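A lone chain, given as structure tokens: the form predicted on its own.
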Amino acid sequence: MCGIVGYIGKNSVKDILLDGLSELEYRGYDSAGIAVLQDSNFSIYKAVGKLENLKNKTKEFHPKGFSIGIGHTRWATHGKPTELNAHPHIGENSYVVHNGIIENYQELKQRLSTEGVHFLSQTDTEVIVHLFESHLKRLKSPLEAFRAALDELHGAYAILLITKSAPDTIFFAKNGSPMLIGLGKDEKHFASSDTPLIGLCKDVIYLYDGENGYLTSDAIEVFSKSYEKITPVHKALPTSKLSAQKEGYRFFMEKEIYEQSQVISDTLMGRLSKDTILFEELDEKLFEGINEIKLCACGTSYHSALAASYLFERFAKIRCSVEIASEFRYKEPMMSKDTLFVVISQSGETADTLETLKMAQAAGLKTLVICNVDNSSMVRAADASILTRAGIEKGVASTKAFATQMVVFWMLSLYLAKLRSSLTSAQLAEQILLLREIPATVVVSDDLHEKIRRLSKRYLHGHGFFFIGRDVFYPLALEGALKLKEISYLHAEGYPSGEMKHGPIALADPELFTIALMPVNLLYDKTKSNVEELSARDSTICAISAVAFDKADDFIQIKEHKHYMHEFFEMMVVLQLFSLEISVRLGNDVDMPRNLAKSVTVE
């Protein structure tokens, strides 16, 4: 997830671009850059790290009069956070900024390289500007060249492009990544969200997927995906910046639950082919001589690792163990060099997890990090890394970070299955098809959310919650219990369903709430038996399943699915919403729960 701004007008283009990027820095802070075209001359500034570094670089830059400019704050998906990889990206006479992922950039890059194009960066974005200029040499019309480039791009994008061949024009296109146009007095703006435009514009044009076109000082031309002219609809701009960042949601956590479909699409993008998993960031040599995988993490990341252990052993047929980082550090562990040591962290800065990574490296193990932040300490230290592409997560209680970690682990288990020949080609193709359907599985329906909102009022008291599940649904139960604890401050525990009879069932009474995860496609009858044991002891049962359970006091129905992992992801959404709505009814601060921080950088 990245932030984009653009400007056409006579006011201070530098200040407008930098102020806009300040409002969007929550969308990415690996690097930032601006490009300004004035009197047919470009001025370009880039800096790694926080936006303050870019502001320092531009202190002596004071453009005056009419100009056009574009800016970008980056959350890396391809290539390290360096100035060369920072946006805007340059061609011979053009610059581009881009949010999203170009799935077919490798083949486009190879083709353009054979035409003599020299690439400066490791990014997918750079192909856009070179592709545009390649078509411009043939077509002579900048608009036609821009359209020809769009026709060849596969993936998600929001694009702004400026070129000396049209020095008063910004070309734009939106497909899957946010983009809107702001209308001010004698000036026009672009942004990735409402926030940068508040105070500058009264009206905006929200662009829809497939729409594209160009702006000049006196024209707004918007076209459909098939390049038919569209009359854009002007809408009033919100007046609250915090509300604009939340995009109409009550809380960032709620927004991030709803974003999961999009970010999972980003996680999958460019990594799935018909019959294999593509991790360009991995070298197959990383897995040579590896007979075991050890996963190490804290909190929510530990739960995703625990669920992943089932997938690695089931699909890749490789031993997999899971460790809590804060415990692993002090247990004087046995570590053998045939073990791949994998650490998982949303921030890449979690102190306990980082220290276990250093321990593994000191013992000579190969290391891999699953992380959301490209320039983090763990990513810099490990032998290899896979980015989850969840974007900035502002709610302290993790939602989309967990979802994207699970998607990465599912893909990685299949990647290893291919290397180890533990699945047939047909089985692998079936799993890949299931992965492609996950974004649709986690879309939140109004009916589901309203059902959970109404149900939540019955779960504000009692002496505790049991979240129970079997197999991968046990780690999901742990995560559901953690979410409820974090934001509602109610006592909750996650348990394997089969363990209830070994002690915990002693607590069963009407004031004990049992949240039962009952997937139809995995051990349903076993789980049903365990829930019946609790029901017989008068525990209050809330069943989550695709089929009704006659002994449940409450029932949250999910859709019927053909595979248990689809049930896993939909139940994940249910548990997140359940915790959210209980917390709201209790009047708690959903996004900033007491005593907690987003990145735990102390022991």
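Don't overthink the numbering: it's just position in the shown sequence, from 1. What you are looking at is a predicted structure, and each value in this text was computed from that prediction instead of being measured.
Unshown form predicted in complex with 2-deoxy-2-amino glucitol-6-phosphate (AGP); subsequent notes refer to it.
Though the partner is left out of this view, Thr300 does reach within 4.5 Å of 2-deoxy-2-amino glucitol-6-phosphate (AGP) in the model of the complex, counting heavy atoms only.
In the model of the complex, none of the heavy atoms of Glu126 sits within 4.5 Å of a heavy atom of 2-deoxy-2-amino glucitol-6-phosphate (AGP). Among heavy atoms of Ala397, some come within 4.5 Å of 2-deoxy-2-amino glucitol-6-phosphate (AGP) in the model of the complex. Proximity of Ser94 to 2-deoxy-2-amino glucitol-6-phosphate (AGP) in the model of the complex falls outside the 4.5 Å heavy atom cutoff. The chain is drawn here without 2-deoxy-2-amino glucitol-6-phosphate (AGP); in the model of the complex, the stretch among 508 to 516, 257 to 265, 216 to 224, 345 to 353 whose residues come within 4.5 Å of it by any heavy atom is 345 to 353.
Contact with 2-deoxy-2-amino glucitol-6-phosphate (AGP) in the model of the complex, defined as a heavy atom within 4.5 Å, holds for exactly one of Lys483, His130, His189, His87, namely Lys483.
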